[in-house]
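Shown here is one chain on its own, the form predicted alone, set out as structure tokens.
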């Protein structure tokens, strides 16, 4: 347990006298002050992760565009902006929030396979750095709208290099059968006819391989494939965006260090693409292990075949285990003695798939009213939450040293029908 905490946080999560601390605040105090379930983020973990990225990729000096979909909390975004990062966005809603918070449009890349005309126009009016183009039809639409607005649209073409990665099937984005990107021959055709587009400037190429990739090998393979592709076409990119997907440990497991990860990719990039600007789009790496979901045991239920801890957080709060069968370490907020038994940690939602963890070991003295910490919940936790079963989305809290700041209020019952007519 302690080894895992040290691996993910360098002391920002730790047990002191048997009590879990997040930075310098006891987790139990957070539960009592703000209620449960509650998302808690470590500000210093976020800053440390960004610092690690800058240091490990220093040879290639990338523009870091944080992937906003991972966690769009305002306080989280403000903290990330202060570290000099831009944003990777995928909707007009994210664009408006980014501009409201003062992110420079020159550090915003707009991705996504289904940008509407309204979203494209909004991006052009804001003067964003780049659109990531996913199809020929999208490119034509951008050219048309830029013409209407008398703008010049800067774009990268998302190329599908058909690189496989060891991650969940749903989060693989670099295989040829997925909806993402364009095959090499299609990108080659666009580049050959690029001068026909009067209101689009193709600045470079982009690829994205998937999510939670835990070693650099797929990126090195993709960069070599991209180099071979560029040898066959008449095009010199000024920008190459290698996407995100940099993995994090969700348990005590072997994973390539970020120092090796960034250094290997940077060396390969600088060697093969001298003078070209790099963009990276990390999301999970920055916020994943910065977040904890604190929850309270409602009931301990024991049957002839299973032991259950029924908690007040469910799949509507954290859907990753139900959706991807993802593993999240689950720790007691207060250590207890006792005989260790296996429990399924499940929520109150009316679905058999409503679980946070299966076959987890806890002392038999654990009981209703005890608190648990679901680790690694900072990315795709709250951002994928819902009101399923008429449940209220939880509060969000940020910890910085000894200070706990409420950064999103818990929803109220009236919020459930606020927008209904």
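Quick caveat: nothing in here was measured; it's all calculated off a predicted structure. Numbering follows the first chain given and starts at 1.
There is also a form predicted in complex with a small molecule; it is not shown, and the following applies to it.
Trainee: Should the three residues 281, 324 and 384 be counted as contacting the small molecule in the model of the complex, with contact defined as a heavy atom within 4.5 Å for each?
Mentor: Every listed residue reaches the small molecule in the model of the complex, so yes.
Trainee: So which of 252 to 260, 209 to 217, 99 to 107, 270 to 278 is the stretch with heavy atoms within 4.5 Å of the small molecule in the model of the complex?
Mentor: Partner-contacting stretch among the options: 209 to 217.
Trainee: Could you work out which of 393, 52, 69, 360 is the residue within 4.5 angstroms of the small molecule in the model of the complex, going by heavy atoms?
Mentor: Contact residue from the list: 69.
Trainee: Within 4.5 Å, heavy atoms only, which of 380, 34, 57, 371 is in contact with the small molecule in the model of the complex?
Mentor: Partner contact (heavy atom, 4.5 Å) among the options: 380.
Trainee: Does residue 320 reach the small molecule in the model of the complex if we count a contact as any heavy atom within 4.5 Å?
Mentor: Residue 320: contacts the small molecule in the model of the complex.
Trainee: Quick check on residue 347: any heavy atom within 4.5 Å of the small molecule in the model of the complex?
Mentor: Residue 347: no, not in contact with the small molecule in the model of the complex.
Trainee: With the partner left out of view, is residue 158 within 4.5 angstroms of the small molecule in the model of the complex by any non-hydrogen atom?
Mentor: Residue 158: yes, in contact with the small molecule in the model of the complex.
Trainee: Would residue 291 sit within 4.5 Å of the small molecule in the model of the complex, counting heavy atoms only?
Mentor: Result no; residue 291 lies far from the small molecule in the model of the complex.
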